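So this first bit is one chain, no partners, the form predicted on its own, shown in structure tokens.
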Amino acid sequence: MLDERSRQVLFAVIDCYINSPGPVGSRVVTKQYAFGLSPATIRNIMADLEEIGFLKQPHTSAGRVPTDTGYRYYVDAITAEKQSLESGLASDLNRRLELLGKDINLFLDDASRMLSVMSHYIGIALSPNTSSALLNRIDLIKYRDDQVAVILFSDEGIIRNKIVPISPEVTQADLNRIAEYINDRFSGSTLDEIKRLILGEMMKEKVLCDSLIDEAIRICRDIFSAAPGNVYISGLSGMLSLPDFCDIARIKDLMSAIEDKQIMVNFLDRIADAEGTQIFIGSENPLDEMKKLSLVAATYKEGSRPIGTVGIIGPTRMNYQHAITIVDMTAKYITTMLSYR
């Protein structure tokens, strides 16, 4: 724990550095903040903060900049204090969200752009993981002699299409019987539950004709091999214009972090069950490509069940309070929107 003076000086250095990315000296803090402390006293406090790992000095003659540990203390403090949101920002955010469409995937694509515009960082949105979606109905339509078009409808309005190979002997009537069985037996279950249960159920109950069991099992195995959802990423060009990315090494790190969308999908999917807003600062990130970046993310839900994620990626020199606010409000808005579908 820091005493009040050390806390004030740390927060002042972080606020100065967020507003202007250069080492912060004691005289800058003295001029901008009415602490009633001399530059020498502030300089000593900053040296103490450096000693415990909250600040660092890039050059001997330079001021100090925050470390990941310092940012973590700062973020935990502002999160615990639950500082009130400016009414103007809340009104602007709600207006922007209400203008977006109601199709979940189009909405998330637009939401990632909105998060980027409002934060000036990269906005991201992960669509619902289909393995946790609740099955509403499945249709199987003969597409070609050896293919069937699968149309899967979930309770939150997600439609998943897939082409699955079948034996040419399977007729549309056979496919109707398979679909009828799945709908009658598993409507309302998650796709993940269906994947675990359906094969054993079909073999046990022998509901289908014996000649169709093998075909039905193979179709179901293909249908319910659900993968995480899509990830929507916006705002890369805006991020590259920030002074934090003035050297090629930082640009390469940023590009590596978002170039392979599947890596980002898997990462966001791993935190999808977490409650509240999650903040990963620099070295806290599990991905090597994100070690010099920060991620603020929150899950949105269908009822009480987390099904997807929205967030912001930026430099560690991020305006965390602003980012936390708009990410949290966006996730809550999507949750509300889904409850009225």
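Computed from a predicted structure; not experimentally measured. Note that residue numbering begins at 1 and tracks the sequence as displayed.
FYI, the form predicted in complex with the DNA isn't displayed, but the following is about it.
Segments offered: 61 to 69, 309 to 317, 279 to 287, 295 to 303. Contacting the DNA in the predicted bound form at heavy atom distances within 4.5 Å is 61 to 69.
Mapping the unseen interface onto this chain, A34 falls outside it, with no heavy atom inside 4.5 Å of the DNA in the predicted bound form. Interface residue remark: A331 is not counted as part of the site for the DNA in the predicted bound form, having no heavy atom within 4.5 Å. The DNA in the predicted bound form comes within 4.5 Å of no heavy atom belonging to A323. Proximity of V24 to the DNA in the predicted bound form falls within the 4.5 Å heavy atom cutoff. In the predicted bound form, the DNA lies beyond 4.5 angstroms of every heavy atom of every residue of 274 to 291.
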